[in-house]
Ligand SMILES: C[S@@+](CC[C@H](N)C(=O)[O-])C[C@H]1O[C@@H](n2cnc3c(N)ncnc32)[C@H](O)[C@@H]1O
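Only one chain is included here, represented as structure tokens and corresponding to the form predicted on its own.
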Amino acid sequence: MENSAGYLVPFLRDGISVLDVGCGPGTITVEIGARVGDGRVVGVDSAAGVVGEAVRLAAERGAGNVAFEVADVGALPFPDGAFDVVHAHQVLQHVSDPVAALREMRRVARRGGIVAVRDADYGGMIWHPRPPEMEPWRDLYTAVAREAGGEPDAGRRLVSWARQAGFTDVTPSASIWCFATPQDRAWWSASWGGRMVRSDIADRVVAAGHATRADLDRVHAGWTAWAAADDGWFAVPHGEILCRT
């Protein structure tokens, strides 16, 4: 929560109901559950496999007030006003119609409730040093993400999307992830550098003709070189919005 949803923490209290949209493996969802006491938390994700991981995590943590199901943000299977808080972390950057997604999140939030959203902004990411082999990664990811209908620079657009979705009471904020310790650099490099050679992102880059497998191997080597630098540093900016319904 502190790392990825600190802006939401003051609004979590005992007894409330929370929907976590795009919950992934459930790490944030389970922590939300621990903060709402006798309340209830539901996590949804469109990927059945990752929902299974979330169910297992909740069982391991003894999170009896947390449930998970497969659902899409574009058509949430809940009645109007079903939740006090509706939360989404790193979701809107991936959907083809983020305004419609926000409208649907607003629909299932009760009157006087909160819709909370946080998304990264790839165009604002900065890092040091800059191995030349690593340089293409952002442009390659941005290209295939937009071809799939997403918007990698979502963080800066959240307020605009919220206004278009009909919200009038919007509190914006921003925060960053910083990867600078040896452990954090190794993890971040394995995460993003690894995706450039072993993921659907890599497959899409090659299929679209943006790069060859050999090109992506060089990008991966650049990430490895960055992580190995004693002065390595990477900042990921995030936009955040708290929308009153």
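Everything numeric in this text was worked out from a predicted model, so none of it was measured. The first residue of the shown sequence is 1; numbering continues from there.
One more form of this protein exists, namely the form predicted in complex with this ligand; it is left out here, but the text below deals with it.
For the options Val108, Leu140, Val95, Met134, the one in contact with this ligand in the predicted bound form, meaning a heavy atom within 4.5 Å, is Val95. Residue-level contacts in the predicted bound form: of Val206, Ala47, Ala190, Ile176, one residue has a heavy atom within 4.5 Å of this ligand, and it is Ala47.
Contact annotation: Ala165 falls outside 4.5 Å of this ligand in the predicted bound form, judged by heavy atom distances.
Although the partner is absent here, Ile28 sits close enough that one of its heavy atoms falls within 4.5 Å of this ligand in the predicted bound form. Contact check for Leu19: every heavy atom lies farther than 4.5 Å from this ligand in the predicted bound form. Contact annotation for Thr171: none of its heavy atoms lies within 4.5 Å of this ligand in the predicted bound form. Only one listed stretch (82-90, 143-151, 123-131, 157-165) carries heavy atoms within 4.5 Å of this ligand in the predicted bound form, and that stretch is 82-90.
In the predicted bound form, this ligand lies beyond 4.5 angstroms of every heavy atom of every residue of 151-188.
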